[in-house]
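Below sits a lone chain in structure tokens, taken as the form predicted alone.
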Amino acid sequence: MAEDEDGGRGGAGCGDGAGDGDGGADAPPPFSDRVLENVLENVLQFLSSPRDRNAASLVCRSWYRAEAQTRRELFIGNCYAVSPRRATERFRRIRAVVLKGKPRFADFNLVPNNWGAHFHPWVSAMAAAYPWLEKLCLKRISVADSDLFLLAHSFPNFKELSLICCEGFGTAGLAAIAEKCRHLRVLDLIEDYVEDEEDETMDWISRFPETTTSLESLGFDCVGSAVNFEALEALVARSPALWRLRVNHHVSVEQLRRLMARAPQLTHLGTGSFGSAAAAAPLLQGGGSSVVDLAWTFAASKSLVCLSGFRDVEPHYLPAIYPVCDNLTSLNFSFAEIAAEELKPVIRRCHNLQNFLVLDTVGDEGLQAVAATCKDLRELKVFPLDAREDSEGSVSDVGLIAISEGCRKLRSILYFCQQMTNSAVITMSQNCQDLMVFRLCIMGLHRPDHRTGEPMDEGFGAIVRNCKKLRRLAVSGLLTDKAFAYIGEYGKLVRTLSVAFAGNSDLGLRYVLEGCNKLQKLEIRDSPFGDSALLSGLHHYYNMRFVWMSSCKLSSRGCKEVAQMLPRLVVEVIRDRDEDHDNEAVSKLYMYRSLAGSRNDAPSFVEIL
């Protein structure tokens, strides 16, 4: 399920119809109605879109009941938007759940530790209600080892677990999943914080069944501790269906070769370390035979279409991947600190690349090489090696122009830089009119067009005016109210808007809230918007999944007014310190629509108005 498939207003996959029933307590329908519902259920089984299902549930009570009976997948975009009891009582035949927790700005350390989003109440409810649960995806959720123990013991047919940006668990929980989930097909750990004391680390890889497994995807590149390599190699060997493998930085290049030899059917590979000091020694001493051997191994992996990892990369090893470059559709160099001269021999062989992630160390010259070769590129992400405001960025408007001219099929771009021009952004809007995601992050406070000194209004205005399919937009740099007026007027399909270090009055946010009627997620940091701007969105907040504002000019009085006028909206004021409760200024505001009302697990630094 895509992130924007929020499953209805407020982000709960339960749909808005959940507000019209009492969680399964309706009186049984008459016999004739039950016959009609049986017919309707047979039809609704073919309805897969969450939005379509939510719309169907709003037709009448019989459709509401029939939709609930036939739903197999549940998407909940905010774990506090609905209670676990309400969700499990309404939807009784769920096989797959996607559950999201903390706001996205938690990725930037803007959400304090121990804020919430605990998995325990959800896994407890699901253990009782969904004994046949097969798939679970958690994102930004606090997961304890005890939660994974309960999960492992509660669902005998459990097959897929994906944990994304989660925290709180360690190798003991992973060991329980590996040992008890005998039908496991997917275990993906993505950007999680796996916590273990040094003397508590468990050999979780050895807990998988000793017979042939059903594993199709195994990713543990975020696990900080070393794994039992002999057990890992044996596991890969007895997993004939394995098509995706991502290992952590403790796996050396030589060990990677052995794993690839055991699984020539792999299509997606995360390399882990790609040339640590120990692995690089044979190269430095033996004249490159290790690179040749590794290249032969890659050449034998004819199914590879996606490569990632490359942590602690030794550039001399990069030629080893040449044999598979022409087949690659996805390449992730976001952990590889390489320069343009090291990137160019690789990228010039990647003619079929559609997704590319890279550090800004490749510079404009590296992006020009991408533009010259990757004519089918659909997604590009350029991350900063140093995200500080005063760092010297290596990419600029020159690289952006090159990409826009060479990669005209681009659909999504995330671009971190230190300087930009309106001309470059306008050029991208003209050349890449199919863009659905445009995120330009100009690091530093209120950076103008570095050539003219003008605000970046016209550049972002061109993006929303020319890119008719735009769904997600991130703006930064020196922006006036004029830029936000453009967004409100032309950004009619924008669902997610992120604002950083931008704006000059409350009028700017008012333009957005009054014009972007499909807006679902609004994230604002370090911008001058105050109470008047906040109150201008009262007509729309019930239709949104969330609003996040930090380091703006909000007051407790303005936030309380919103809470009083919209009683079904949860308004959280998050303080940096307990003693700040008497401070009228609000440093962090998080608002979301909820069918469950205020949560009961808020820490002391969170005040729910």
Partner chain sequence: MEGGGSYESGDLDNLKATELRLGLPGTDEPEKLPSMLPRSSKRAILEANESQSKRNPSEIKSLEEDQKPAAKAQIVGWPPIRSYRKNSYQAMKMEAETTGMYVKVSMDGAPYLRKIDLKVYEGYKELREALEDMFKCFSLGEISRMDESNVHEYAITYEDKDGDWMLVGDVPWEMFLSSCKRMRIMKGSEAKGLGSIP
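Numbering follows the first chain given and starts at 1. Model, not experiment: these values are computed from the prediction.
Keep in mind the form predicted in complex with its partner chain is missing from the figure; the text below concerns it.
Out of the listed residues Arg72, Arg388, His539, Arg85, Arg388 is the one that sits within 4.5 Å of its partner chain in the predicted complex by at least one heavy atom.
Though its partner chain is absent from this view, in the predicted complex it lies within 4.5 Å of a heavy atom of just one residue from Glu230, Glu489, Asp434, Asp107, which is Asp107. Contact check for Gly406: every heavy atom lies farther than 4.5 Å from its partner chain in the predicted complex. Remark: Trp243 does not count among the residues lining its partner chain in the predicted complex, judged by a heavy atom distance of 4.5 Å or less. Although the partner is absent here, Tyr193 is a contact residue: one of its heavy atoms lies within 4.5 angstroms of its partner chain in the predicted complex. Taking the partner from the other structure, its partner chain in the predicted complex has no heavy atom within 4.5 Å of any heavy atom of Ala175. Relative to its partner chain in the predicted complex, residues Arg140, Pro315 and Ala500 are all within 4.5 Å by at least one heavy atom.
In short, of 74-82, 346-354, 219-227, 371-379 it is 219-227 that has heavy atoms within 4.5 Å of its partner chain in the predicted complex. In the predicted complex, the residues of 315-339 lying within 4.5 Å of its partner chain by at least one heavy atom are, in order, Pro315, Ser334, Phe335, Glu337, Ala339.
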